[in-house]
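The form predicted on its own is given below as one chain in C-alpha coordinates.
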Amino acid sequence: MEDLKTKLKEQIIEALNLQDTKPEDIDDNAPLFGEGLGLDSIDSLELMVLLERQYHIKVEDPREGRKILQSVQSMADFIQSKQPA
(Lines give C-alpha, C1' and ligand atoms only; values in the text may rest on other atoms or scores of the structure.)
Protein backbone atom coordinates (compact mmCIF):
# COMPACT_ATOMS: atom_id res chain seq x y z
CA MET A 1 0.00 0.00 0.00
CA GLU A 2 2.85 2.42 0.79
CA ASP A 3 4.36 1.75 -2.64
CA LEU A 4 1.01 2.46 -4.27
CA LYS A 5 0.63 5.75 -2.38
CA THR A 6 4.13 6.89 -3.33
CA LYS A 7 3.51 5.94 -6.96
CA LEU A 8 0.17 7.80 -6.90
CA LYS A 9 1.81 10.93 -5.52
CA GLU A 10 4.42 10.81 -8.29
CA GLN A 11 1.69 10.32 -10.90
CA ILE A 12 -0.37 13.21 -9.50
CA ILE A 13 2.66 15.51 -9.57
CA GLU A 14 3.43 14.53 -13.16
CA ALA A 15 -0.17 14.59 -14.45
CA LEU A 16 -0.90 18.00 -12.92
CA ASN A 17 2.55 19.46 -13.59
CA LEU A 18 3.12 20.36 -9.93
CA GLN A 19 6.75 21.27 -10.49
CA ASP A 20 7.54 22.56 -7.00
CA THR A 21 5.95 19.61 -5.22
CA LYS A 22 7.69 16.43 -4.11
CA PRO A 23 5.91 13.19 -3.15
CA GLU A 24 6.94 13.67 0.49
CA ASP A 25 5.22 17.10 0.46
CA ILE A 26 1.82 15.43 -0.01
CA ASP A 27 0.29 13.99 3.17
CA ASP A 28 -1.59 10.72 2.57
CA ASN A 29 -4.72 11.99 4.32
CA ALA A 30 -4.60 15.68 3.37
CA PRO A 31 -7.44 16.88 1.16
CA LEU A 32 -6.43 17.13 -2.50
CA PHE A 33 -8.90 19.97 -3.08
CA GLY A 34 -9.39 23.21 -1.18
CA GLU A 35 -7.00 23.76 1.71
CA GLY A 36 -4.88 20.66 1.08
CA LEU A 37 -3.13 20.52 -2.27
CA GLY A 38 -5.44 23.22 -3.62
CA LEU A 39 -6.60 21.36 -6.72
CA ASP A 40 -9.63 22.47 -8.75
CA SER A 41 -12.30 20.85 -10.94
CA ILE A 42 -10.05 20.68 -14.01
CA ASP A 43 -7.50 18.82 -11.88
CA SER A 44 -10.20 16.36 -10.84
CA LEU A 45 -10.80 15.52 -14.50
CA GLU A 46 -7.07 14.95 -14.96
CA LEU A 47 -7.06 12.61 -11.95
CA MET A 48 -10.00 10.66 -13.38
CA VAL A 49 -8.06 10.25 -16.63
CA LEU A 50 -5.04 9.12 -14.60
CA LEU A 51 -7.14 6.42 -12.89
CA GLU A 52 -8.44 5.23 -16.23
CA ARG A 53 -5.09 5.20 -18.04
CA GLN A 54 -2.83 3.90 -15.29
CA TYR A 55 -5.20 1.58 -13.44
CA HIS A 56 -7.93 0.83 -16.03
CA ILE A 57 -10.60 2.11 -13.63
CA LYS A 58 -13.43 4.24 -15.02
CA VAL A 59 -15.50 6.23 -12.54
CA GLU A 60 -18.94 6.94 -13.96
CA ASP A 61 -20.67 8.63 -11.03
CA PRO A 62 -19.36 12.14 -10.17
CA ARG A 63 -20.47 11.70 -6.53
CA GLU A 64 -18.37 8.56 -6.27
CA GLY A 65 -15.49 10.44 -7.91
CA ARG A 66 -15.69 13.14 -5.23
CA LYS A 67 -15.26 10.50 -2.51
CA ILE A 68 -12.45 8.70 -4.32
CA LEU A 69 -10.45 11.87 -4.97
CA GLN A 70 -10.59 13.21 -1.41
CA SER A 71 -6.99 12.23 -0.61
CA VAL A 72 -4.11 10.04 -1.75
CA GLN A 73 -5.26 7.50 0.86
CA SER A 74 -8.82 7.39 -0.51
CA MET A 75 -7.49 6.99 -4.07
CA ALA A 76 -5.15 4.16 -3.00
CA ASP A 77 -7.97 2.41 -1.09
CA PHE A 78 -10.20 2.62 -4.17
CA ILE A 79 -7.52 1.34 -6.54
CA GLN A 80 -6.71 -1.53 -4.21
CA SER A 81 -10.40 -2.46 -3.92
CA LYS A 82 -10.64 -2.70 -7.72
CA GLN A 83 -7.51 -4.85 -8.19
CA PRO A 84 -7.99 -8.60 -8.64
CA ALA A 85 -7.18 -10.60 -5.51
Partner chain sequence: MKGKCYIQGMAAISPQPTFEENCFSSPISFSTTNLLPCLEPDYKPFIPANSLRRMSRVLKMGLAASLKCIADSGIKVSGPIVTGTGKGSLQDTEKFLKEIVTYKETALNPTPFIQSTYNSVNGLIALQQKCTAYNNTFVHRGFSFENALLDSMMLLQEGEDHVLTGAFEEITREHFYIKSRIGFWKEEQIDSRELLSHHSPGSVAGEGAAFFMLTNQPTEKSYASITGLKLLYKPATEKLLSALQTFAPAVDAVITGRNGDSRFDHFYDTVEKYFGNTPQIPFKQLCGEYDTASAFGMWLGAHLLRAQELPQAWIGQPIAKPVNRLLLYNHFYGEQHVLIMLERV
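Positions refer to the first chain, counted from 1. This one's a predicted model, so the numbers in the text were calculated from it and none came from an experiment.
This protein has a second form, the form predicted together with the partner chain, left out of what is shown; the following refers to that one.
At the 4.5 Å threshold, heavy atoms of residue 38 reach the partner chain in the predicted complex. The shortest heavy atom separation between residue 16 and the partner chain in the predicted complex is within 4.5 Å. Although the partner is absent from this view, residue 52 contacts the partner chain in the predicted complex, with a non-hydrogen atom inside 4.5 angstroms. At a distance threshold of 4.5 angstroms between non-hydrogen atoms, residue 24 is out of contact with the partner chain in the predicted complex. Contacts of stretch 25 to 47 with the partner chain in the predicted complex, defined by any heavy atom lying within 4.5 Å, are made by 38, 39, 40, 42, 43, 45, 46, listed in sequence order.
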